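Here's a solo chain for you in C-alpha cells, the form predicted on its own.
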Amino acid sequence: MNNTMWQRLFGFRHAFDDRVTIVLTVTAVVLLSVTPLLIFITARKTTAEKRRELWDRYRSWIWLSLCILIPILAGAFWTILAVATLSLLSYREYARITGLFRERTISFIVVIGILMITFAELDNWYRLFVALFPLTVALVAIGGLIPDQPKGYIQRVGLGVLGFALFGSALGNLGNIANDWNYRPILLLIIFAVELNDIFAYICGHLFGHRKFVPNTSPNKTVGGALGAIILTTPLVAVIAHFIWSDSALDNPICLAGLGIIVSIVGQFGDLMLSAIKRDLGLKDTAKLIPGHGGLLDRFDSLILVAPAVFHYVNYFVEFGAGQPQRIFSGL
C-alpha cells in the first residue's frame, strides 16, 4: 500500500486540505453553538413538553454530528465502516417494523450482502459492487424457498430484495464516494444539503404551503414546501459543488443546477418513501433510538435515495476515484 492510498484511507492529517470541508465543518459547529440560544428565544411561549422535545432533538444532533464528522474526517476506511454501520442498523429497523426479522435465512443473506458491499467499497472493487446486487437478489429468492412455504413467498422475498436494494446497494454508494481522493467535501455537501432541504421544505410549507402534496402519504407536505425547498437547495448545492469540482466537466451552471435539483427532489421523495412505509404499517416512527427524532430511518430516509442519484450523476461527468488503485486488498 503506497503512501497516497494510506493517506486516503487513514490520513486524518489531511482532513482539512479542502476549503469546502473547513467551511462546512465550521458551519456545523457554529449552528450547534447558536442553537441553544435560538431554542431559548423561540420556545419561551411553548409548552414544557415542546421545550423538552426541542432540547432532546438538539442533544441528539450533537451526537449525530459527531458520528458523521469524525469518521469522514478520520479517513475513507472509517467512513466506509460508518456507512456499513448505518446500513446494518437501518436494515435492522426495517426488518423489525416489517416483520422480516422472522425470516432468518433472508435476513442472513441481506446482512452478508451488506458486508460484501462494504468489502467491495474498502477494496475499491466497483465491478464486485455492481455484481453484488443481482447476485444477492438471486440468493434472497433462493433463500425464500428454504422454509418450503409457498404462501407468503412473494411477500418475504419482496421485502428482502427491497431491504437490500435500499440499505445495501443504494446507501452503499456513499461508501463508493469515499474512494475518491477528495471525498470529504463531497460527502459533507450531500449530508448538509439533504438536511437543509428538509428544513427548507418545513419552513416554506409553513409560510407558503396551502395545497397539500400527497395528503394520504404525508399530510404535512405541501406543494409550496416542496417548491420552496427546490428553489433554496438548488443554488446552495450548485455554489458549493462549483468549488468542489472547479474546472471539471461538471463545473458549468446547467450541470451544477441539475445536481441541486436532483438532491432536492430525490431527497423529498426519499422522505415520502419512508412515510408511505410507516403509514402502510400504521407506525409513527421506525424506532426510538434517537431521542426527539425516532429511528435512524426517520432521520436519514432522504439520504437513502440521494446517495445513488448523486453518485451516478456526478460519476457521469467526473469519475469517482479516478486514478486510485483498485482491488486494494483482494489484488495483493
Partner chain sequence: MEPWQLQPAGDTGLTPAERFRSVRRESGLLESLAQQTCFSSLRIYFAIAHRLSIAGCEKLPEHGPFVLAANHCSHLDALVLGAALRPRHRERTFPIAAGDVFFQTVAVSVFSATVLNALPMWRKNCGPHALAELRRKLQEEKAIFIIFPEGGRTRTGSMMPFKHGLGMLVAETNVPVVPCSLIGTFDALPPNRKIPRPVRIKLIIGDPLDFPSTANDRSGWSQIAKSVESSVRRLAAQ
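Model, not experiment: these values are computed from the prediction. Residue numbers count along the first chain shown, from 1.
Quick note: we don't show the form predicted in complex with the partner chain, though the next part is all about it.
Visitor: Quick one: from T98, T217, T118, T234, grab the residue that has a heavy atom within 4.5 Å of the partner chain in the predicted complex.
Guide: Result of the distance check: T98.
Visitor: Just one of N182, Q155, S248, T85 has a heavy atom within 4.5 angstroms of the partner chain in the predicted complex, so which one?
Guide: Spelling it out, the residue with a heavy atom inside the cut-off is Q155.
Visitor: Looking at heavy atoms inside 4.5 Å, which stretch does the partner chain contact in the predicted complex, given the options 120-128, 103-111, 258-266, 139-147?
Guide: It is 103-111 that comes within 4.5 Å of the partner.
Visitor: Kindly confirm or deny that L69, L189 and R299 each have some heavy atom within 4.5 angstroms of the partner chain in the predicted complex.
Guide: Checking in the predicted complex: none of L69, L189 and R299 is within 4.5 Å of the partner chain.
Visitor: L32 near the partner chain in the predicted complex, any heavy atom under 4.5 Å?
Guide: Taking the distances in the predicted complex, the answer for L32 is no, it never comes within 4.5 Å of the partner chain.
Visitor: Looking in the predicted complex, any heavy atom of A276 within 4.5 Å of the partner chain?
Guide: A276: no contact with the partner chain in the predicted complex.
Visitor: Test of understanding: in the predicted complex, would I39 fall inside 4.5 Å of the partner chain by heavy atoms?
Guide: No, no contact at 4.5 Å.
Visitor: Any of the heavy atoms of A43 lying within 4.5 Å of the partner chain in the predicted complex?
Guide: Taking the distances in the predicted complex, the answer for A43 is no, it never comes within 4.5 Å of the partner chain.
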